[in-house]
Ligand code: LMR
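Single chain ahead, written as C-alpha cells, the form predicted on its own.
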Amino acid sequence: MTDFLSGLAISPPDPLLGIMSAFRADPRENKFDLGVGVYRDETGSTPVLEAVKTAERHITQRQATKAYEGPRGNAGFCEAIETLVFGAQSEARSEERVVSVTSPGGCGAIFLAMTLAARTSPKGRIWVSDPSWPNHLKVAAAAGRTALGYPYMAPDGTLDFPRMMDALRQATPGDIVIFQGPCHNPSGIDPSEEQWAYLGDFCERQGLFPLLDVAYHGFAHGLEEDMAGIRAFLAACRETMVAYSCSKNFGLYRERTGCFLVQTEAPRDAQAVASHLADIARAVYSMPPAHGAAIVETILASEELTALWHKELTSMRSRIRDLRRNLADALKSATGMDGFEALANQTGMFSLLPLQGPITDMLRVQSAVYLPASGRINIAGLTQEGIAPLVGQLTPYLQASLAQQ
C-alpha cells in the first residue's frame, strides 16, 4: 500500500480568489466587489465584445479542423501581435530578430520567459516592482529564482523613479528585471516615454535581461500611445522579452490568449530562441490553445472588425477614465482632504488606496466592501451610480488612515 498523499498539507488559498468567493456568498444586497481583476460595464457585467462575437461566427463558418497548429501556434496571430508591439515599420522585425509564439495567456508567456531565462542566465536573480502583480513572485518561485523588489510608488501616488533606479543599480549582469507595460498593476502608475528609453538604455549597459509584461494595452491612452514607451525601450535594449496578454483589451479572459515575444541581437539568435521555446512548450503544455488566437487574428486581419474593436476598446478606456475622475472628486469632497488627484491621473483598471490589512477586513465585515489587504481597487468594477454609496463607506477609514500619515 502506498502512502504518498496522506501527509500533504492543504495549500493556503489565493487571497484574491478567497475574496471573490466570500463576495459571492455574502447575502447583503448593497455590497461592493473591488477585488476581481476583470473589466465590468455599467451593469456590472463583463461583456463579450461585438468584434469578438463576429469573429467567432466567421471562425465557425470556415473552420475545417481541430488539429494542432504546432508549437508556435497561430502564425497570423503572432505576426499581428508583433505589429501591435513593435509597429508596422519595425527594424527588428525586418531584420528577422523577433521571435513570437502563442502562449496560454499572459501568465503562460511569463512562465516561458522565466524558463528561457533559466537557460540563458541560470544564476540571474529576478527583480520585480514593489508593489507588483502577486503572480510575478509566484512564477519566479516556480522557476526556482530569487526575487528582489525595487521601489516603485512614491507617497504622492506617482512614480518614484530615483529610488527605483537606486535599487536597480544593484542588479548584476544576467539578472532579469520585470517591467510592467502601460497601466501598472496594482498602482496605475506608468513611466514616461523618456523614462522608458532610459530604462532600456540602462538594461543594455548593465547587461540585464528585461521582461516587459504588457497586459493592459490600450487601456491607458490608446493603442499607439501606450506602445510609445515600450518601443523606446525596445529601441534601446536589443535583447528583450515581452509577455503580451489579450485577456483585457479583447475581453478574452477564459480563452487564455497570450503571446510571448523575444527581440534578439541577431537572426541566428532568434532561430536558437525559437528552438528552445518549442522545447520548453513541449514539456509543459505541448501545443498552445487555438481558439482565442484565432479570434484575435480574425479581428486584426479585417479592417471592419479592427475598427469595431478600436471603438469598443475606446469605450472601455473612456469609462475607466471617467470613473477615476468622478471617484477622485467624490473622495476629495467627502473626506475634505487633498491627495486624490493622483487617482484621477493614474491609468488602467487598478489603483491603491491607503487602506491595508485589518482595515480591509473591517470594511468587508462592517460595510460589505471587498478588496485585497493591499488596498488595491479595481476601478472598472465600479459603476457611476455606486460611487457615492461606496465613498460613504470608505470615508471614515480613509480619513483615519490619511490623518496618521
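Remember, it's a predicted structure, so these values are computed and weren't measured experimentally. The numbering used is simple: start at 1 and walk along the sequence shown.
There is also a form predicted together with ligand LMR; it is not shown, and the following applies to it.
Screening 65 to 73, 30 to 38, 47 to 55, 335 to 343 for residues having heavy atoms within 4.5 Å of ligand LMR in the predicted bound form returns a single hit, 30 to 38. Proximity of T240 to ligand LMR in the predicted bound form falls outside the 4.5 Å heavy atom cutoff. Contact check for N185: a non-hydrogen atom falls within 4.5 Å of ligand LMR in the predicted bound form. Mapping the unseen interface onto this chain, Y216 counts among the residues with a heavy atom inside 4.5 Å of ligand LMR in the predicted bound form.
K248 belongs to the set of residues with a heavy atom inside 4.5 Å of ligand LMR in the predicted bound form.
Shown without its partner, this chain lists W133, F111, F209, F86 as candidates; in the predicted bound form, only W133 has a non-hydrogen atom within 4.5 angstroms of ligand LMR. Residues from 367 to 392 that approach ligand LMR in the predicted bound form with a non-hydrogen atom within 4.5 Å are limited to R376.
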